[in-house]
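Okay, here we've got a single chain as structure tokens, the form predicted alone, with questions on binding and movement later.
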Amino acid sequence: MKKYNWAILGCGHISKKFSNDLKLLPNANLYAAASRDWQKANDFKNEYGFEVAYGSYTEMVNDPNVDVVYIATPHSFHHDHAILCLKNKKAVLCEKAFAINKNEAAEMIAFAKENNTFLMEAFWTMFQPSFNKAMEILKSGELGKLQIVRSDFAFNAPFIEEKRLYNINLGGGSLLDIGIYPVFAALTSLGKPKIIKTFAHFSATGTEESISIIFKYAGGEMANLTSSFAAHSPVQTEYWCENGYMILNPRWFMPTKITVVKHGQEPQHFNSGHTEGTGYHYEAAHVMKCLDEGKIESEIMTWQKSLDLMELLDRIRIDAGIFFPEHDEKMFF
């Protein structure tokens, strides 16, 4: 079994969870931690057991021992940091939102092709056993045709102007941070909608704090999607079908239980099958499998899936009036 040296680019909260899960994989070696602040990188290295620390991302990508980089910086930096890694032939697993807009995502993919180097969006839900079981149930047809998707993700976040969630220069706002999950739920089950309608509330910094989104499809199907930093929600996804409904229970985007209710019958409950870790190791294991096979694109979280998701987020933002001045000059569909 080939072992891969992983580097962490951006030593924040999500990188801590990801690093703990990497330890569950025998072919993953925790090699490098990189931050713009060397002390932060060194503290991260010592806490999670990495071998080296870098106070510069450029230094890290110039290290010939680095095989694959997990990018977990704010959304506004994903494009530049991914291209920095790809130019240096480092495989990339980049956190969602993949970029600020579809144009940036397309440029990242073009660099992956040009440099013949692996690139994947870190949409960990695609690799969760519970989510995949839910998709199997929908595709089986046992609940009949899917008619409505209802999905939410909200929590009450303190308003701190300079922090990422409310900072427009860092791609702040609930949509790209957590609203991306409900959008993903609709896209993966119903596809791209014909019509999008939105209602958004903005914070004092100009970032969108809460948003409600309606998708309408050519066949009459609909999706009702909500995200917010102003309130707490159940954080679950419901699929309403002709013959019953299915619920991906709270914290639905990670390992969770599934409830299936067929009309006139008692509910059925399915466990996730998940046994250890938070659930980030599933995507990391897939990345290394792709590298073992010499692939530069995942067959599960494909580049097209990332482009389709970014396209929907762009359409939502235009309808809602959400713009990021330093990034959206070249936004296209």
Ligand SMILES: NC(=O)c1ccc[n+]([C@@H]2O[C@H](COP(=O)([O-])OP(=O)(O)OC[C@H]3O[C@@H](n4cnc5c(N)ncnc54)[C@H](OP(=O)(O)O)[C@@H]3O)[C@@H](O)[C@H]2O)c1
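Predicted model only: the values in this text are computed from it and were never measured. From 1 onward, residues are counted along the sequence shown.
The form predicted in complex with this ligand exists for this protein as well; it is not shown, and the discussion that follows is about that form.
Q: What stretch, of 36 to 44, 299 to 307, 23 to 31, 261 to 269, brings heavy atoms to within 4.5 Å of this ligand in the model of the complex?
A: Contact criterion met by 36 to 44 only.
Q: Is this ligand in the model of the complex near all of 10, 124 and 170, within 4.5 Å of a heavy atom of each?
A: Answer is yes for this spot.
Q: Can you tell me if residue 90 lies within 4.5 angstroms of this ligand in the model of the complex, counting non-hydrogen atoms only?
A: Judged by the heavy-atom cut-off of 4.5 Å, residue 90 is well away from this ligand in the model of the complex.
Q: Using a 4.5 Å heavy atom cut-off, state whether residue 255 contacts this ligand in the model of the complex.
A: No, residue 255 is distant from the partner.
Q: Is there a heavy atom of residue 280 no more than 4.5 Å from a heavy atom of this ligand in the model of the complex?
A: Residue 280 belongs to the contact set for this ligand.
Q: Can residue 78 be called a contact residue for this ligand in the model of the complex at 4.5 Å between heavy atoms?
A: Taking the distances in the model of the complex, the answer for residue 78 is yes, it comes within 4.5 Å of this ligand.
Q: Select from the listed residues 130, 101, 207, 73 the one whose heavy atoms reach within 4.5 Å of this ligand in the model of the complex.
A: Filtering the options by heavy-atom distance leaves 73.
Q: Of 181, 240, 202, 217, which residue is found within 4.5 angstroms of this ligand in the model of the complex when only non-hydrogen atoms are counted?
A: In short, 181.
Q: Across 92 to 119, which residues bring a heavy atom to within 4.5 Å of this ligand in the model of the complex?
A: In sequence order, 95, 96, 97 come within 4.5 Å of the partner.
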